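Shown here is one chain on its own, the form predicted alone, set out as structure tokens.
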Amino acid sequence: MKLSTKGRYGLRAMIDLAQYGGEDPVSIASIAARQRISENYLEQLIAKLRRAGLVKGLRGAGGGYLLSRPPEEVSVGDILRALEGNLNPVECPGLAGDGGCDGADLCVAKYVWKRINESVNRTVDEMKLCDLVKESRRVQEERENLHPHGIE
């Protein structure tokens, strides 16, 4: 399975939003600057995340974006599916059960593809946005401890 920049950048944006948001909305410009993502591209990603109900926008002075649900309730799978669509690494017509494959009744390989698909989906569904925020903070603290004055 290979994720596009939509999935990779969108996940980074959601982690940023969870980390720097909270009660106050976060601007596209601030996310773009911290994550080194083009504002125009980020707007497209945020639009998809809004349509999926993962973020909400606030207009006006001091406006920006907030998570629609607490980070504990948002899985990596929710985010990636909103941006990438189906996450199954193997598309097998025999798994659909609609007669889309002539050899499905005799094919044993479809059980391999089914387990791979289930494993990928289970993994991204078990990972929550709050876990990634904690990991991000841990990595930042570790980096600051190694380079306390910002000198590398």
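From 1 onward, residues are counted along the sequence shown. What you see is a predicted model; the values in this text were computed from it and never measured.
What follows is about the form predicted together with the DNA, which we do not show.
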Give a yes/no on whether E43 approaches the DNA to within 4.5 Å in the predicted bound form, heavy atoms considered.
-> yes
The DNA contact at L58 in the predicted bound form, heavy atom, 4.5 Å | yes
Determine whether any heavy atom of R50 comes within 4.5 Å of a heavy atom of the DNA in the predicted bound form, and answer yes or no.
-> yes
Spell out, yes or no, whether the shortest heavy atom distance between L54 and the DNA in the predicted bound form is within 4.5 Å.
-> no
Using a 4.5 Å cut on heavy atoms, which of P93, G63, G85, P70 is close to the DNA in the predicted bound form?
-> G63
For the DNA in the predicted bound form, the stretch among 85-93, 24-32, 108-116, 121-129 with residues bearing a heavy atom within 4.5 Å is 24-32
May I ask you to list the residues of 115-140 that have any heavy atom within 4.5 angstroms of the DNA in the predicted bound form, in sequence order?
-> none
